[in-house]
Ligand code: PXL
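Take a look at this one chain, the form predicted alone, written out in structure tokens.
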């Protein structure tokens, strides 16, 4: 997945372009950038800002858009009207999800957009937004309305939506019981997503939120799912904030464990394989990766949902979690007990032509016959364990592929095994190439 961040450069790496690159990398996405302005700031002070020229801004945009397939765009700092209008001309015809983070003021006090440019921001940038994510202060500036008993948060959100944003999220709404919420306004519904208040002043949480939002939306998540994901990601970044300089704390992305990160990156590569939808079975696909010496499927990370086929598209449904997969993880667990070097697996649709290609490539292939499965196994629900166990019983070397041709009510299936997720992708490229 390729995600583009358009915004200002923050030399402290607390916010802006540098923060987005860290977030995108954590998600396993490839981050691209278009810089709109250079700032001089640190954790204590905001010194100055210098906008880039129209010429270099346009050149950056053209360079990126002509060379890369962009899956999602985040727009942050747009300092003046010239930047705003130039970006609009480049983006207005694109059919790509766009998250707009209306950056108005730095946490350390610097102005990040000229007052006279607010009107053009309303006219040109807001209508580009699939989602716009202001905090309360930014929502007031963008809507030019103070939040009070007459102009409620909801009315302000509706006002911003009328400017052209498809969906509006106003973050940081204070509530009772030490809670803080985000108001989400979609086309035909509104709701709050609440979380615990974290009492520390920090730099970068707004950027973390909007970066997570564009990642989730680009992964075909709903607005509700994306807002929940972004809320959790931003809150974790605040909880883990660190004091790097002499001033305020900088939000810190808590690293996923290496196993989840590697699998996430491989899943992103898997869904981009040309025509891969043809290889997704009716029961859908899961991709799993194990800790060393797993004792149960709780030691194996997989999707809580599936990699699903939607027409000619492939969509990742659910999140990576230990114990998220049952069947593919069980198959991996059985193989790993005999061959500890095998720690990853993926299931694909059974096709005779694929098996023929696999055998021609001289991969290690084994199979089992579900028709011969004892009834008590079916009743106990241990079909996968029985089948994989039979397939590897006489093997002396680890299998690359195990398949079965199905049974009454049971779909035939291929499972590819490997040491790491990237090894499976290499095998797939040979099989499907």
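Residue numbers count along the first chain shown, from 1. All figures in this text were calculated on a predicted structure; none of them were measured in a lab.
Keep in mind the form predicted in complex with this ligand is missing from the figure; the text below concerns it.
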The single option of 168, 77, 332, 230 touching this ligand in the model of the complex, heavy atom within 4.5 Å: 77
In the model of the complex, the one of 185, 112, 314, 160 near this ligand [non-hydrogen atom within 4.5 angstroms]: 112
Contact at 9, 15 and 207 by this ligand in the model of the complex, all three, heavy atom at most 4.5 Å: yes
Which of 384-392, 65-73, 360-368, 33-41 lines the interface with this ligand in the model of the complex (heavy atom within 4.5 Å): 33-41
4.5 angstroms heavy atom contact with this ligand in the model of the complex for residue 290: no
Close approach of residue 106 to this ligand in the model of the complex, 4.5 Å, heavy atom: yes
